[in-house]
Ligand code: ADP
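Below, in structure tokens: the form predicted alone, a single chain.
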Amino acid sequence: MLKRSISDADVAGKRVLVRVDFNVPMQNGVITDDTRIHAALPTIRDLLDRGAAVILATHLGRPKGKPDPKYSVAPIAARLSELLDRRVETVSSVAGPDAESAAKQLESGQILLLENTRFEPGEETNDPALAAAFARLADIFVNDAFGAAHRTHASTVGVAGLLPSYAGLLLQREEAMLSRLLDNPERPFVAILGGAKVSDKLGVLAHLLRRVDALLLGGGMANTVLLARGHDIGSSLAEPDRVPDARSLVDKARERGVELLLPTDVVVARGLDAEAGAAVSVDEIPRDQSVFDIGPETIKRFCDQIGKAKTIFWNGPMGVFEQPAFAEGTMAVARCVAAARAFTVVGGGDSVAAIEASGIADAIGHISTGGGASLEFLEGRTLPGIAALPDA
């Protein structure tokens, strides 16, 4: 269901509270990937160009409801200032008198970034008092935080019921692009899923099995399915308690005529600190070694399938791609997805990181800013942050 768009609102001279998702990875106080900040720029620039005073709210990490300097948004304000080429004001509080005073002093064309919303204990419980405090900061509320749309928080849901509320440009794009995967996708439709745990993605797997023509599995989650099919996976990461679910997945794929591709060869080593791994058949995994990547034969099979696709969804790496010795499977899939003549959607932090590292982001149809939100959307769930906004 399309939601009321900020494009339809008169924002000139108004204070607009924008919930963004600037939950970016950082190392020693330095942002290592600013993809999510870039994704929100169209909404911010649009509001500034139309004469709004913009107040931004975001979470960062998991500070557990209390201030923690490690999770301060100060580095984000600095990076945003660089990208917008204008000063971004900050305030040391999330809501309350100081935040209200800073918001009231804003003039058209100015920006204020509130401190980390999760510094407030009422944020994650959708506390009405905190939602009301957010509402006192502005005249209009805009939700542009697709990555947090699956959370019922004060800054995503609570405040939306207290101010005239709209969907931001990023939120609208995410909804439109992901809906293309569910509503009459061009075929063949190929889904590629990886990551550590099959349990994390059982819901989306079940939903996608009713829509895709082929399902390609890699990463730790594939180990559990290999285990369910009787393979000895050595000391590899797996979820033995999920073997019945994995068997059910295989059976449902067969019943629905979905081509389920599992690794036929893998890269193994005794540990993650190995300088190199060895490619072996899935029938010959040594008992004292672990699977850390898909092998060259599997890469070729996966890429052949990807090359036939007209619609592609990819979420999750094929192995421990952060380690150079085990990165080739994920990077090869990234290159094949980019080269495909298809509508492509990539979601999930690790998959996006692989795309960015490969330098081929421009070749992807849509890079989703939502990890868990994307998966829940594709499960067919109603996302609270979107549901709280008025329909168009």
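Just so we're clear, the structure is a prediction, and the values are computed from it rather than from any experiment. Sequential numbering from 1, following the sequence displayed.
Just so it is clear, the following notes concern the form predicted in complex with the named molecule, a form of the same protein that is not shown.
At a distance threshold of 4.5 angstroms between non-hydrogen atoms, residue 302 is out of contact with the named molecule in the predicted complex.
The named molecule is not shown here, but in the predicted complex it comes within 4.5 Å of a heavy atom of residue 292. In the predicted complex, the named molecule sits within 4.5 Å of a heavy atom belonging to residue 351. At a distance threshold of 4.5 angstroms between non-hydrogen atoms, residue 224 is out of contact with the named molecule in the predicted complex.
Stretch 214-222 is the answer when you ask which of 126-134, 183-191, 214-222, 68-76 has residues with heavy atoms within 4.5 Å of the named molecule in the predicted complex.
Listed residues 322, 245, 98, 259 were compared with the named molecule in the predicted complex; 322 is the one with a heavy atom within 4.5 Å. Exactly one listed residue, out of 237, 91, 162, 206, brings a non-hydrogen atom to within 4.5 Å of the named molecule in the predicted complex: 237.
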